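Just the one chain here, the form predicted alone, laid out as structure tokens.
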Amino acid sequence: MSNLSNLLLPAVLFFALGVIARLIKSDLKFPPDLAKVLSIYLLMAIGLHGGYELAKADLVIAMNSIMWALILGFTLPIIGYLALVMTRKVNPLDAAAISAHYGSVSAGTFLTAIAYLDNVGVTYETYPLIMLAVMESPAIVVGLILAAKARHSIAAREKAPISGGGADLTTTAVAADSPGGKFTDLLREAFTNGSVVVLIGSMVIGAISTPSGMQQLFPFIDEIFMGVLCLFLFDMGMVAARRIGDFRQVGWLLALFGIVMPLFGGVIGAYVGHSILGFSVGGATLVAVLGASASYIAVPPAMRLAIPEANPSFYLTLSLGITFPFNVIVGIPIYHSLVQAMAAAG
């Protein structure tokens, strides 16, 4: 019963309301740019708050957190890719695009986890905020490398120029290996993604601002935060519901991946947060959520540009239509309970 009551957060309920509104074909619509504004506010708020706290934090722990964020960001998509390819039902280019989403992170899931922990009165360290910022980009890089490898394998197997997906893939593969080519441009876009810039920039501002200046900002970044999160998840519920129709295209095997992969990533993240980084139950839960989440904002446009042959309905339906609702409704309490069990076991 306690886990059920913990799910009755206003933010989670507004997500459910968004899903219901879409399913009953309500005429409710959000202004086109409102979701972007809400996302920017949420990232700025957690960045400022995190930077303020990190200014008082231990540099060694912060650097250790960054190192493990990079390890998770590079390792999880490789594991996801191998799992998908081993099924022999997902082609390597689709597998590369999908796996990149599961090595990156979902700020919406992370924010919901914070709301969950606040609701149950569990404190947490601010170091996972650094990890959130760091884990946005490595998975995109891995996805590009895996896609380039897949193209070379296809070319070697077919002994012919690669074409299709509306792009000259031979040129793309060569450019991926050329300094200053498209691969370099994609790397730059990955590391200068808008969400990364807002989050890291806000953290720097929060870290170097005077305490008195930050005190004046707290009403803005604290008191209205939950209300904005409710609006954001309300809109995300409607967006996620739009992907339900793509479920048949994704198929049961990929749908299962959309649930098993976050559970696997959550276990790895929980172990890293609790046993390696030594965080509290709250901090380790947030690391577990980072390991379990799948990007639906930063990675899709990068994959659409870099791997035009991949089917967008696959990775969008998985990340936004399956994994995101699963984590928001079921996953977060599971990861919290897992970390609690780890802590109890010593």
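The first residue of the sequence shown is number 1, and the count goes up from there. What you see is a predicted model; the values in this text were computed from it and never measured.
FYI, the form predicted in complex with another copy of the chain isn't displayed, but the following is about it.
Whether Asp58, Ala83 and Met261 all lie within 4.5 angstroms of another copy of the chain in the predicted complex by heavy atom: Negative, none of the three is within 4.5 Å.
Candidate stretches 67-75, 204-212, 83-91, 96-104, one within 4.5 Å of another copy of the chain in the predicted complex by heavy atom: Only one stretch passes the 4.5 Å heavy-atom test: 204-212.
4.5 Å heavy atom contact, Glu223 to another copy of the chain in the predicted complex: Close contact exists here: in the predicted complex, Glu223 approaches another copy of the chain to within 4.5 Å, heavy atoms only.
Heavy atom of Gly251 within 4.5 Å of another copy of the chain in the predicted complex: Although another copy of the chain is absent here, Gly251 would stay clear of it in the predicted complex, with no heavy atoms inside 4.5 Å.
4.5 Å heavy atom contact, Met44 and another copy of the chain in the predicted complex: Residue-level check for Met44: yes, a contact with another copy of the chain.
Exercise: Leu256 in contact with another copy of the chain in the predicted complex, heavy atom 4.5 Å: Flag for Leu256 set to no.
Residues of stretch 33-49 in contact with another copy of the chain in the predicted complex (4.5 Å, non-hydrogen atom): Contacting residues: Asp33, Leu34, Lys36, Val37, Ile40, Met44, Leu48.
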